[in-house]
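In the block that follows, a single chain appears as structure tokens, in the form predicted on its own.
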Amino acid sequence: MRRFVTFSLFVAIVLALWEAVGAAGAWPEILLPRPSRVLSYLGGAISDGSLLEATLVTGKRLFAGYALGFAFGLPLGLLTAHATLARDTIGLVALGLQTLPSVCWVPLALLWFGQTETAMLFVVIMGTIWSILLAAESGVRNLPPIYTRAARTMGSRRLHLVMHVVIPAAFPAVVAGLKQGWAFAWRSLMAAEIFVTILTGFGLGHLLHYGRELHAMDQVLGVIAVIVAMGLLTEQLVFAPLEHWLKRRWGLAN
């Protein structure tokens, strides 16, 4: 609560200074509109439903791509951690592709799938899967050997060992990969929505694109503010409680 209050006061002070300096004509309004204009845009976009619709469309694409990236990335990470051949092939490919900017997948997605939702989904998956894969591999490979030895001594084998010992012990590293994958999923989807124009639904990236085309900086800044707010909410409502649970689970909480 204290952190939220401090952050709110900081944002309020920054916005007040921004409004005052902007009202004094320190820069052209077309380049950097005052917060009041941005809030006016957000109010209009909320009242006509366009912002809510774009947020829902983007959220649906984001969660679908992120879930598929997790579904593929976690098993591949476990495989690369246990199999030398997979580590020398899939693991090295993942290391290389993780450094590839998400926007690089857009031309390939357009050539393969055209202006479709599948192209969007492909870009998000490719931006997510490698972080989760590498985090799972690192978490498993860095487990203290005493864990698996003790489990085998007590009769744990194969699937039981993986499900009840390896994955729970590697879960803190997997969570770190999930956070990184979530950030990459956002970046991938925004790149896809800005460059892929489809008629099945306009998302937040499309609003950014049309704001740029129309030189509507209030719209651009308003959409950026919404994206930042969604990221902060996800962190506070999903990842922060999950990390707190992990700390309590492993006896690290104060």
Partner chain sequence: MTRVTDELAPIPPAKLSIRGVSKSFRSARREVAALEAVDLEVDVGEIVCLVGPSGCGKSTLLALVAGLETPDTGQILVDGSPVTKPGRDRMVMFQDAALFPWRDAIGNILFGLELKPGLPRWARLEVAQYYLQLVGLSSFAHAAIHELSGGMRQRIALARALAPNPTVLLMDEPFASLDAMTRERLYGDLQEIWQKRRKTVLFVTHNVREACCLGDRVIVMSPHPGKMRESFAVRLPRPRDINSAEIAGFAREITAALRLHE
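Positions refer to the first chain, counted from 1. Remember, it's a predicted structure, so these values are computed and weren't measured experimentally.
What follows is about the form predicted together with the partner chain, which we do not show.
Here is the short version: of Pro75, Gly114, Gly96, Pro168, the single residue with a heavy atom within 4.5 Å of the partner chain in the predicted bound form is Pro168. Heavy atoms of Thr84 never reach within 4.5 Å of the partner chain in the predicted bound form, leaving it off the interface.
In the predicted bound form, none of the heavy atoms of Arg141 sits within 4.5 Å of a heavy atom of the partner chain. When the partner chain is considered in the predicted bound form, Ile90 lies well away from it, no heavy atom lying within 4.5 Å. Taking non-hydrogen atoms only, Leu108 never approaches the partner chain to within 4.5 angstroms in the predicted bound form. Site residues Arg2, Thr6 and Ser8 are none of them in contact with the partner chain in the predicted bound form, judged by any heavy atom within 4.5 Å. Remark: of stretches 148 to 156, 179 to 187, 116 to 124, 97 to 105, the one touching the partner chain in the predicted bound form is 148 to 156 (heavy atom within 4.5 Å). Along 35 to 67, a non-hydrogen atom within 4.5 Å of the partner chain in the predicted bound form is carried by no residue at all.
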